[in-house]
Structure formats: C-alpha cells, structure tokens
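We begin with a single chain expressed as structure tokens, specifically the form predicted alone.
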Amino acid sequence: MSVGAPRGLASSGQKLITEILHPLSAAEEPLSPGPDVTISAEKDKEPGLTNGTPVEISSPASASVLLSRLQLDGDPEADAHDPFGSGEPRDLFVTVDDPKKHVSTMETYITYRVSTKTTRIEFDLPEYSVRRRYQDFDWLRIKLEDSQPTHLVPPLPEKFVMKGVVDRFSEEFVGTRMKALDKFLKRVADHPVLSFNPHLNAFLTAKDLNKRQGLALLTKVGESVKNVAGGYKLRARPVEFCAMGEYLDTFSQKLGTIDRIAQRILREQSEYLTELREYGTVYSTWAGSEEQLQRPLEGVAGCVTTSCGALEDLSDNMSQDFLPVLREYILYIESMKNVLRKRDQVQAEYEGRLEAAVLRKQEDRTPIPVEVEKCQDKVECFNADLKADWERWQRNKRQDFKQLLTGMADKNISYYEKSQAAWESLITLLQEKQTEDKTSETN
C-alpha cells in the first residue's frame, strides 16, 4: 500500500495549537477500509431482537458575521449543509431528546428518546423511536470498539460525577448530558463504517435491547488485536503515526490548560456574580431613603441588575457549551491514542510472525507462511482505516472549534454591549436629572 510522504510535526513542547502542522497534510492515495472489517460489520443480525434556549440574533458587528467574511477553512456554506464535514450524502438521521426521570424501588435513572429516520434497506421501517438510558449508550460504544477495532469510536461523556458537587438529576446536568449523547450518536451515524454496524441497528430499533446476549461479532482484525503475540516489542512506529502521537500529546496539553483555566474563571465569575447582586441590592435599599437621589440610585441598581443578567448568560455559555466541547475532545484524544495502541499491537504481531518466518526460512528454506501475509494485510487495513478516521476527526475538530470560538466571541460581545448600554442609559438619566435641578433652581 503506497502512501505519500507524511509531513513531520514539531516535538510535543509548549506550542500554540495553530502552530501544529497536520501530520497527514501531504497528498496521498485514497485508502479504503479493509474488506474483512466491512463484511463482518454488515452481515449477520442478532436473533431475538425486535424492531420495534431561544436563539439570539447577533448584531451586524458580531463575531459570527466577521468570521463568515473571513471564510476560514473553505466554504462556510458547505459546512452549513454538512455539519460533520463528511462531504457524503446522508441517509441516516438520529436525534436524542426528551429526557425523562424514572423512579423505582431499586434505582432512579434518566432515559432519553432516540429517534431515527432512514432510507437504508438494512432497516425494516423508515422511522423508529426508542428510549435509552446512559448505560445503553455505553453498551453501544463498547460493542463498536470491540467489533470495529480499526476505527475511532467517538467518546461518551463521563458517567460518574462527584456526589454532593453535581446533581446528576438537575435540569442543567441532564440537558448537558443529552447534548453530548446526541452528538455522540450523530457522529456514529455519520461514520461511513460504524453507521452500518449491526449493534447500531439494534440500538436504534430494538424495543428491548438484550445487552447480555448482544451481537457476538468480532472481526478477524479484532481477534488478532486481542491475541497479539506476547512478549514482542514494536520495533518502530511509522513516522506518520509518530506524528499523530506527538500532535495528540501537544493538543492534550493545550486543552488541559484551557480547561483548567476556564473552570477557574467560571468559579470566579460565580463568586463575582454573588457579590454583584448584593451590591445592587444596597443601591435599591438606599434609594428608598433618599428622595432627591432616588432616580439615580435606582438607575445604578438597574445597571447592576442588567450586568448580573449578562454575566449569568456568559457563565451559562461557558459551563453548558464551551467546557463540554473541551472535555469531549480531551476524551477524543484518549480514544485516538487507544486506537493507535491497537494499531501498534497489530504491527507487533506482524513483525513477530515475520521474524520467526524468516528464521525458519534460513534454517530449512520453507516459504513465508500465508499467515504472515494475512498479518501484513491486517496492518495495511488498520493503517488505512486509522488514516481515514484521522482526517475525518480533523475536519470535525476544525468545524467544532470554529463554532465554539465564534459562539464564545458572540457571547462576550453581547455581555459587554448589554453592560455598556445599561451604564450609558444611567449617564443619560443623570444628565436629565442635572437639567431638572438647574431648571428648578432658576425658577
């Protein structure tokens, strides 16, 4: 399998994300997933499973308008038509919504409605609607990783939260998790290989998901990953995959730093918001005992109240939109590193078998066994699938961070515009009060 020469990456030191070169940016021949993975993912079905906040319009000077004028990373209209940047026609649409709380004698949990619309012949009906809880999504992710080890499976939001710190049944937490689950399922449905996996079909259509029986499908590649020749150490990871590892290390460092600072900013904003509300109350109380200063004092209290509302919106955006995306990509990095490790294991198996075959050939001149050639095919299949998923992940990342940073810019602009407008209105009120006082003195 021939591939173009990859472009090297800088070492994983402290550098800006924008300075990190794309490790696969050099031109290369198109690579398709190996036949052994595709066939095993599309055949046998499991027996026994039956089918069964207001949007704000930005101002003309908003960051989104400025960004669209720059036309970063290609045509913005193309990104709008295909939010996942696949460039392929979509025939499977999924949505996660309508969370509901269930209380029983044994446990309390949340389920989400999973709606599906499709024209694929693998589905008996064009539309489905089932309810799933978090552990069902986790079951799907594990099955996808087991049956498609050569592909990058999107991450799920963390299951466990600190008791007493986060209420996992609160409206805010459930809403944030619902968005993350919806994004996870949309990414899987958009994937050209994972979207045809029988486990996904069962997850989307089965009224009663038999997770204990499951779909006992493991590709030949997956079996080889689980049965790697023990004790053999990989000689050297190919340069393009070394570049991927270095990129992921650097990207992880940057996201971790941003996440840590952003959470500290959020805590400080929360403390400042508490003080600011108390600050405004003082002026409201004071206005009741100062007849001559009542209007100005009430004006100050109103400005503080407006500033509180604007700051609360800014904090909500950071906690509900900004931080979850950062966390998702931190988990994405771990998923990608896991796939890289699996690829290394397959390569180590191939190198071990090849080395043993060469020694036997030197001793008794026996030909290279067919198993060695099959191992080489598995390595090439793994390399092709991983590169394709890497390119897809990079496209999604660029699109997600464009939207994330644009939204952050819009929210900050809105915060300062609201605060500025409030305090400017106070100046007008004070000027009018001064004019009235001069008029009354003249009379």
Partner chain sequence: MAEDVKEESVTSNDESDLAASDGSLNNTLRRSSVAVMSQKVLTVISILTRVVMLGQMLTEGSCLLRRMEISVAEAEKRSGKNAVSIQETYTVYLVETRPMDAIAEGHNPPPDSLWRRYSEFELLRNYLIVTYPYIVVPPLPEKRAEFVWHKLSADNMDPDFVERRRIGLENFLLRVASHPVLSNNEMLYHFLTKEHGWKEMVYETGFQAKADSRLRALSATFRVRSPHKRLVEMKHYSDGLQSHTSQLLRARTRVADRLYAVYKVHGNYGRVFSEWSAIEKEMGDGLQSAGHHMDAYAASVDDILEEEEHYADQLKEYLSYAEAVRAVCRKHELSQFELEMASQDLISKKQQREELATGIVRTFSLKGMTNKLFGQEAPEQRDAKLNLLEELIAEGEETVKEKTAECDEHAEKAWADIVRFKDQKDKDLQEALINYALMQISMCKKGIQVWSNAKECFLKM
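Residue numbers count along the first chain shown, from 1. Keep in mind it's a predicted model, so treat the numbers as computed, not measured.
The following text describes the form predicted together with the partner chain, which does not appear among the structures shown.
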So, in the model of the complex, is residue 408 in contact with the partner chain at a 4.5 angstroms heavy atom limit?
yes
Partner proximity in the model of the complex: residue 278 to the partner chain, non-hydrogen atom cutoff 4.5 Å
yes
Flag residue 235 as yes or no: does it have a non-hydrogen atom within 4.5 angstroms of any non-hydrogen atom of the partner chain in the model of the complex?
no
Find out whether any non-hydrogen atom of residue 296 is located within 4.5 angstroms of the partner chain in the model of the complex, and reply yes or no.
yes
Of 178-186, 268-276, 334-342, 201-209, the segment with heavy atoms within 4.5 Å of the partner chain in the model of the complex is residues 268-276
Out of 119, 170, 104, 289, which one falls within 4.5 Å of the partner chain in the model of the complex, going by heavy atoms?
289
Sole residue of 300, 140, 152, 114 within 4.5 Å of the partner chain in the model of the complex, by heavy atom
300
Stretch 304-326: residues contacting the partner chain in the model of the complex, 4.5 Å heavy atom cut-off:
318, 322
